[in-house]
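Here's a solo chain for you in structure tokens, the form predicted alone.
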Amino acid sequence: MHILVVDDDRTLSDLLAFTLRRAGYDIHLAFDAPGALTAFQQMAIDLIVLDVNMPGKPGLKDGFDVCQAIRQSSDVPIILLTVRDDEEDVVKGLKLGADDYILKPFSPRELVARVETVLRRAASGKAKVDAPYLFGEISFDPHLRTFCRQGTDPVSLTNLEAQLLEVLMLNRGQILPAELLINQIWGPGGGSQEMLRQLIRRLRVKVEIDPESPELIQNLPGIGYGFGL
């Protein structure tokens, strides 16, 4: 497994690289936003550990911009590193397609555990059944991670979006508790209510005719979410 570590703090980068190499991963390093994107484009990367606050250039000035640029062409798992504990920054990273985030400072054990969890989740997302799920005029293919309405072009979903939609469609007509969904998507202790809300919001944008008045994915405040209620 090849991991790209991106952080302008050289001392921390060396520590992260040492920790992950000791856990058995092949590590590549970049120290700014342009270098991160170049490294990703030139190498076969399985996961990116990406610092949010680092130097860049106009149009590619920080980790958020790198995340956004990569998400235009790839679903490679991305873990954001940040010292910012402002909820808005966390929400922004998740909306841009990050799979997880870790607040600095953190322990080497926590880093390895989060990397392993995200990689397992990405692998399970690829091991989907071939048969599509059908509901009225819509079709969802969990293998290709595409959603389609009759008469429209397929819409690509990220790994997390596809996993969430599959769980909801498998339990069509039922309200699933938020904690159950969090455990199904991120694993025990790997997600939060806010991460789930942001993922629901992103999925609705892709599958609902009007995301502000959803018909497919509905919620019962304080309890959870359901599909096709």
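In this text, residue numbers run from 1 along the sequence as written. Since this is a predicted model, take the numbers as computed values, not measurements. We call the rigid core whatever largest set of C-alpha positions still superposes within 1.5 Å between the two forms.
Keep in mind that the form predicted in complex with the DNA is missing from the display, and what follows is about it.
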So, D32, L80 and P108: all three within 4.5 Å of the DNA in the predicted bound form by heavy atoms, or not?
no
Exactly one stretch in 24-32, 58-66, 193-201, 42-50 has heavy atoms within 4.5 Å of the DNA in the predicted bound form; which is it?
193-201
Check A36 for me: does it contact the DNA in the predicted bound form (non-hydrogen atoms, 4.5 angstroms)?
no
Is M1 close enough to the DNA in the predicted bound form to count, meaning some heavy atom within 4.5 Å?
no
Hey, in the predicted bound form, does I223 get a heavy atom within 4.5 angstroms of the DNA?
yes
Report whether the minimum heavy atom distance between T158 and the DNA in the predicted bound form is within 4.5 Å.
yes
E208: CA shift of at least 2 Å between the shown form and the other one after core fit?
yes
If we fit on the core, is the Cα of G189 displaced 2 Å or more between the shown form and the other one?
yes
Displaced residue check between the shown form and the other one: M54, CA, 2 Å or over, core reference
no
Given a CA distance change of at least 3 Å, are V112 and I185 closer or farther in the predicted bound form?
closer
Indicate closer or farther: the Cα atoms of L164 and V112, in the predicted bound form, relative to the displayed form, with a change of 3 Å or more.
closer
